[in-house]
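Here we start with a single chain on its own, the form predicted alone, put down as structure tokens.
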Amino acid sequence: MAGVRLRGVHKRFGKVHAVRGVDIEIPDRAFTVLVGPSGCGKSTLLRMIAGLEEVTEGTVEIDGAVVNDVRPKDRDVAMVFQNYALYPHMSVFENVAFGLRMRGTAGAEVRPRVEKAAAMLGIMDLLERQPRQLSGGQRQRVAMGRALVRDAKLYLFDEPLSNLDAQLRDEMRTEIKRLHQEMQRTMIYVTHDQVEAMTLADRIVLLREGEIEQEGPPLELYERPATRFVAGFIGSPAMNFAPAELEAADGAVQVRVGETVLALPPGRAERLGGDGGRAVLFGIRPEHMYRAEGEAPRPDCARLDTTVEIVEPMGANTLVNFHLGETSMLVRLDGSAAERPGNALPLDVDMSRAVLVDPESERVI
């Protein structure tokens, strides 16, 4: 078992400052996901934990011990790579057993441990095949088996599902979560896919340009984003944003977007201190707007009259595009919604869930 702690970690590649003073504490047995766009430094962080990249500045601790100068093979870390990294001339059995043999595991122990890992991953019937005879999903299971057979303190995953199709990604995501629940080991997972991050993680670390933008439980980042970047990155479809202005009227606060005025609930207005005349970005998630029913809006909602522009049926949901002022917006409705382009679409906008962003600092206010 092993917790992980990074203190003031920097990584420079020549003039490129890839990781900038990152501090993370990962508890023992936690499933932590490092997520962010390409180039944000998440894979570099993972490789520094594994010992595959040197730390320019700062310390990496595993199980309470600083490991900056410890060789990768001596860190008791198992890693699953994006490109599988299987040996093409070896059978699945030998690929899975390779790490055990390299560590000098007694011959009598190798087969039981390989078969145990294979049974966990459902690849028992593949052990005699060659990698070229496997599908992408099967190869990824073999790569995971090679890591799991190690019974390591710490498991690292570097975008392991990015080469798989959508259905296989869903299946493997479930498999990885099940394995974590069964094995109770510390796992750190890197992805650029926020859906993977939300579904897998106990805790998300969202990175941007080599720095931590926000970290916390998945629902905390979804419900209480600290910045526009977090609000726009977490959630699918992404949050809608429109330039707006706060207005004070009769002790209340409302949001003006173009010619449209949306009143904030009293509690929300009080927290803003009756602020008015302030430019903001108004953010609302597609799932926090609802087709209006009845004359009065739902509690904490503001009524918005829109016109359907584009309809995207998704099965369980329907995505509908409309304009608010000059901004194109998206609302997610029930899959049975029979909307048509050009039709009127009255919406109730849940203003208690709206996000207001300072356009200069990009911090949520």
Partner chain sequence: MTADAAPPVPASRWPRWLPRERRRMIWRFLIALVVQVFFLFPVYWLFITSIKSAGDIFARPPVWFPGEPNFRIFGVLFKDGDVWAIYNSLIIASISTVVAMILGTAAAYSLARFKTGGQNLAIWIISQRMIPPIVIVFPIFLLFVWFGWIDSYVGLILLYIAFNLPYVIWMMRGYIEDIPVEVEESALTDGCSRWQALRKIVFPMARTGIFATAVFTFIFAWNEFVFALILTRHDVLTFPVLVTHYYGAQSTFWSKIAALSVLGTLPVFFAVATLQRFLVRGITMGAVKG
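Since we're looking at a predicted model, the values are computed, not measured. Residue numbers count along the first chain shown, from 1.
What comes next is about the form predicted together with the partner chain, which is not displayed.
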Wondering, does residue 102 line up within 4.5 Å of the partner chain in the predicted complex on heavy atoms?
-> yes
Is there any non-hydrogen atom of residue 253 lying within 4.5 Å of the partner chain in the predicted complex?
-> no
Is residue 90 close enough to the partner chain in the predicted complex to count, meaning some heavy atom within 4.5 Å?
-> yes
Can any non-hydrogen atom of residue 246 be found within 4.5 angstroms of the partner chain in the predicted complex?
-> no
Within 4.5 Å of the partner chain in the predicted complex, do we find a heavy atom from each of 282, 285 and 346?
-> no
For the partner chain in the predicted complex, the stretch among 125-133, 173-181, 235-243, 196-204 with residues bearing a heavy atom within 4.5 Å is 125-133
The partner chain in the predicted complex has a heavy atom of only one listed residue within 4.5 Å, and of 314, 52, 70, 310 that residue is 52
Answer with one of 221, 77, 142, 187: the residue that has a non-hydrogen atom within 4.5 Å of the partner chain in the predicted complex.
-> 77
Taking the partner chain in the predicted complex, which residues of 80-99 have any heavy atom within 4.5 Å of it?
-> 81, 82, 83, 84, 85, 86, 87, 88, 89, 90, 98, 99
